[in-house]
Ligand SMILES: Cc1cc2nc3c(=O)[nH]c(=O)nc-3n(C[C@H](O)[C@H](O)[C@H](O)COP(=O)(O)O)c2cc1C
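First, one chain by itself in structure tokens, the form predicted on its own.
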Amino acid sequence: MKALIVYGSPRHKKSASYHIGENFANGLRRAGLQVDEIMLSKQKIHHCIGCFTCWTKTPGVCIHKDDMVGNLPKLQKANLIVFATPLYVYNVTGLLKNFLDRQIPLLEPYLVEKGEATGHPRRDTPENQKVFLISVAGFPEVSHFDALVTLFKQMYRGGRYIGEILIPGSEPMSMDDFQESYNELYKLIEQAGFEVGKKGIISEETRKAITDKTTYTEEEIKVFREMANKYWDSMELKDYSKIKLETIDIEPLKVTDSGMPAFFAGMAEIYNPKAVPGLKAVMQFNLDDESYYLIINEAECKAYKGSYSEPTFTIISPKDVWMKITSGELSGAKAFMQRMYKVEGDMKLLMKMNQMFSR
């Protein structure tokens, strides 16, 4: 059995749809399928010009001599085709639309009955060939995928279309710093791929688990919008090197201290100045009735107990919640959506924390 995964994102391997597709492919391989892939962002594919040459003068052969020449045989031989695409204006990306249009040489021009509608007969493709859809969207509601799913059900009707995985609110999934928070979801996606490879369908248990991890409540959607808007505000270019820092005349915390002081001293010790070159900032942490702050002065980072007058960035959280996040026990992104902690100030620094404080 051969599977072909077609990746439609212009972001290549930095895309959320790639992360989902990659883990789904791992499940297919575990089920014993031979998996090939087409990365459209690395290919040159002209758009179809509607000349019908592939139906008349050169049946099955397009006038364009581009990467689609090598793609068509892969499509013909695949028992399962998986399309992985982000949602662009409620549809596939332009890259994938060109790819879909250019499949016309695989069809014959004649009109035949296909189920309850008229269609074209296919040339030399497996009779049992199935199609599966993977899509991600920046919006948090799953209803945004309705038109896309309808498109694929229409294109691959007659029992060829076997299902989909739809992930709303997925923009953080494209960021390196957020990958760890999706580990549990990725395991479920791999299991879904395994089940499709074995039985051609995702079990209700696995589907429900994926849905539970990717569905937002009305309250979470409000927080999602708030977080997204803060993030876009923070994307304004800033010269962090010009931030003025107060002179602190108390001794910084040490790792030989006990409890939370030692924890924040440890954070300061593992600070990575390459994460945000030239950074000057103050990160304030208000945890229950205790407050700490980190002063970052380019390559130097020091921890102090107390409150800084005008921090660049403030995290307000119950102590146990923040400790679970830093230990990896709790997803920082999910905890934020559930209002388990709050952030004030420069959201860009929140997005960079994994890089700033890791070895």
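These figures come from a predicted structure and were not determined experimentally. The numbering used is simple: start at 1 and walk along the sequence shown.
Below, we refer to the form predicted together with the ligand, which is not included among the displayed structures.
Out of the listed residues Tyr216, Tyr88, Tyr161, Tyr231, Tyr88 is the one that sits within 4.5 Å of the ligand in the model of the complex by at least one heavy atom. Interface residue among Ala137, Val82, Leu95, Ala78, judged by heavy atoms within 4.5 Å of the ligand in the model of the complex: Ala137. Using a 4.5 angstroms limit between non-hydrogen atoms, Ser9 touches the ligand in the model of the complex. The ligand is not drawn, but in the model of the complex it has a heavy atom within 4.5 Å of Ser15. Among residues of the shown chain, Thr206 is not one whose heavy atoms approach the ligand to within 4.5 Å in the model of the complex. In the model of the complex, Glu171 approaches the ligand with a heavy atom inside 4.5 Å. Comparing 180-188, 138-146, 208-216, 272-280 against the ligand in the model of the complex, the single stretch with non-hydrogen atoms within 4.5 angstroms of it is 138-146.
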